[in-house]
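Form predicted alone, single chain, as structure tokens, below.
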């Protein structure tokens, strides 16, 4: 796991690959590490991924090269191709920047979901890995919205920026994106109340 540039407490967007009946299944998920040893997931009740993970206690995490792979997993899964893992029965996702083969270490219910803790059995890294995190994209979108704050209807911008800040705090606590977005929101609030 130390070969991956993951920050503790940040949520990264990945593809979780499972198989129960020999048919590969891939779904986008957020994952995080509390200790840079294992990975954590929040999987919702009724999902095929959770059903497969609970039945086999194995999964693959693929760190995709770009967001288009997340789109494909959701809306064009027939275009995904898979390989064979070396240590678990779940399929690997072709084209991933990094692949982590995991076994379930523990589960516990959390409201309408299950928190799944998993430990790596094998990590394969293909070149430089840039894990996907939503913070920078949300900061960029917030900057674009801020350019409209002086136009009529500007009050509608602040609630969107507040929501973007909420998500950035969740997925990248302590990041430069969080700091910059906080400053942007403060500045726009101050300007709108003047």
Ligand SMILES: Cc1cc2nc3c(=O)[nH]c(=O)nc-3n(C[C@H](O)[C@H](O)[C@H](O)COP(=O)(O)O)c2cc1C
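Numbering follows the first chain given and starts at 1. Note that the structure is predicted; figures quoted are calculated from it, not measured.
One more form of this protein should be noted, the form predicted together with the named molecule, which is absent from this view; the next part is about it.
With the partner removed from view, the residue among 158, 140, 42, 167 that has a non-hydrogen atom within 4.5 Å of the named molecule in the model of the complex turns out to be 42. Proximity of residue 74 to the named molecule in the model of the complex falls within the 4.5 Å heavy atom cutoff.
Contact check for residue 145: no non-hydrogen atom falls within 4.5 Å of the named molecule in the model of the complex. The named molecule in the model of the complex comes within 4.5 Å of a heavy atom belonging to residue 47. Contact between residue 70 and the named molecule in the model of the complex is found at the 4.5 Å heavy atom cutoff. Residues placing heavy atoms within 4.5 Å of the named molecule in the model of the complex fall in a single listed stretch, namely 22 to 30, out of 54 to 62, 158 to 166, 121 to 129, 22 to 30.
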